[in-house]
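Presented below, as structure tokens, is a lone chain in the form predicted alone.
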């Protein structure tokens, strides 16, 4: 892989301004919309099943987030996901809290059974639950895993056929054959609700402008991590961090990504 493939994708997002359809939770929906705008893409939130199905067909990507589940929402995700599959639109799944409760776990596997997912973005516990490698999830937070994070991420990719972004102090991105670690980021990202949801929105924003979902997911993780690093170095607490995070991503240039990018093959 040429690193230039990573560095130039944010400019492509801004040039092409893809429409990113979200069916997401009500806790972080506004943050997901705004981080998508700051990246240069165009968000739309469409949950009503008929609306969701039509919107999925014209979007650049579809982002599904199970953070605040209801039966109607799962049905809408499956309807929209199937339509996205028919039209070649990449589908990003954020399995928030999978493993924490029976209904979240069952809903995650129901969506995976019905919809061909392109990218799964989750924490180590969520990814390990999907992979069947012994993940623990408390609420929406990872409670740890019993094995190696890379093996769990690769197993999740092998099982689902999706590219996997496992977030944490060090992110892992893999398609089961090629794997990278990303060391960009800042501890403040764990002090603000919604950063994981925002990472999924950026995976959706980058997916339509790349030929390779591993590259687009890696670029999303690197770019978001750099924004967090820069924002965390000057903030006074979680809420000033939130403002700095949005502003930093909005102002970010290719030169900044080239300077701060910290990823490697593993």
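Positions refer to the first chain, counted from 1. Given the structure is predicted, the values throughout are model-derived calculations rather than measurements.
Beyond the structure shown, there is the form predicted in complex with another copy of the chain, which is absent from this document and is the topic of what follows.
In summary, among the residues 192, 74, 89, 115, the only one with a non-hydrogen atom within 4.5 Å of another copy of the chain in the predicted bound form is 192.
Judged against another copy of the chain in the predicted bound form with a 4.5 angstroms heavy atom cut-off, the residues 19, 43 and 69 are in contact without exception.
Although the partner is absent here, residue 103 is a contact residue: one of its heavy atoms lies within 4.5 angstroms of another copy of the chain in the predicted bound form. Put simply, residue 213 is far from another copy of the chain in the predicted bound form: not one heavy atom of it is within 4.5 Å.
Contact check for residue 11: no non-hydrogen atom falls within 4.5 Å of another copy of the chain in the predicted bound form. The shortest heavy atom separation between residue 138 and another copy of the chain in the predicted bound form is within 4.5 Å. In the predicted bound form, 30, 31, 33, 34, 37, 38, 42, 43, 44, 45, 46, 47, 48 are the residues of 30-49 with at least one heavy atom within 4.5 Å of another copy of the chain, listed from first to last.
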